[in-house]
Ligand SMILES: NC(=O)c1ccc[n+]([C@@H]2O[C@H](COP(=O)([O-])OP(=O)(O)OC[C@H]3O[C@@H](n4cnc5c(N)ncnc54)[C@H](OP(=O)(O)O)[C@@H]3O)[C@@H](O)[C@H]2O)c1
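Coming up is one lone chain in structure tokens, specifically the form predicted on its own.
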Amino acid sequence: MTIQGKVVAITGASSGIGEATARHLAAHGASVILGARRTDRLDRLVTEIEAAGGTATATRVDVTTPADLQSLVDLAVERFGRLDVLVGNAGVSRISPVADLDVEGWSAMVDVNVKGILHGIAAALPVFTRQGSGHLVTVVSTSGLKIVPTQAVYAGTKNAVRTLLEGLRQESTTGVLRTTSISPGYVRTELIDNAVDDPAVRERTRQHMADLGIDPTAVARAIAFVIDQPHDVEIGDLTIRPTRQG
């Protein structure tokens, strides 16, 4: 696998898809730089990866703060001399009808799901350009492929990122940059924990995700697959979901 020796930064790395991706890539020889707000979890993850023979480091990252993304990229370059891949995984969801007018929730999704990706691009792109190579792997969602009630704004943020990456791809056909959108379906993560205010609805939704969702490691393997392609091959979009998901 060409993952061996690659330097990969991951946002939202303290749990779920980000954590699984960190473990999987490190197990295949990548050096991983982990970013998230929960530094206690990051520190524990770094310790566990290193105990298993992998290479990892971490820093606190709030993707709504551009300087934090810059620090993540700078850490990669300072410690390993370069950055090969930025996995933009941090995301939040608020589930409710538009008519509920959850303006605060809308703003949070725009700030994290859209601006957070832009902040990562702003930090990583100059490094990729200087190196002559780089790969943006961004986690979006099947919610942007099948629009359903209560997820209109969440889906909108994910489709905004999908559009952004396609535009960037068309602007970057010199062979320097690769872009990939990963669209997971139901995955057993903590995403739903803060997505719904009503405790009863939240518990039903959590149980549904637990029953139907796939393990985050499945998405980690998909991310590894796109990273593992030869430099002249770009997988633009990859959808991964439970076989039972409608």
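No experiment lies behind these values; they were computed from the predicted model shown. Quick note: we count residues from 1 along the sequence shown, nothing fancier.
Below: the form predicted together with the ligand, not depicted.
Colleague: Of these, 60-68, 173-181, 46-54, 25-33, which stretch puts a heavy atom within 4.5 angstroms of the ligand in the predicted complex?
Modeller: That would be 60-68.
Colleague: Taking any heavy atom pair closer than or equal to 4.5 Å as contact, tell me whether His119 reaches the ligand in the predicted complex.
Modeller: No.
Colleague: Residue-level contact is defined here as any heavy atom of the residue lying within 4.5 Å of the ligand in the predicted complex; does Met209 satisfy this criterion?
Modeller: Contact check for Met209: yes, within 4.5 Å of the ligand in the predicted complex.
Colleague: So in the predicted complex, does Val187 come within 4.5 Å of the ligand, heavy atom to heavy atom?
Modeller: Because a heavy atom of Val187 falls inside 4.5 Å of the ligand in the predicted complex, the answer is yes.
Colleague: My question is simply whether Ala13 lines the interface with the ligand in the predicted complex - judged by any non-hydrogen atom within 4.5 Å.
Modeller: Heavy-atom contact with the ligand at 4.5 Å: present for Ala13.
Colleague: For the stretch 82-100, which residues lie within 4.5 Å of the ligand in the predicted complex by non-hydrogen atom distance?
Modeller: Heavy-atom contacts to the ligand in the predicted complex: Asn89, Ala90, Gly91, Val92.
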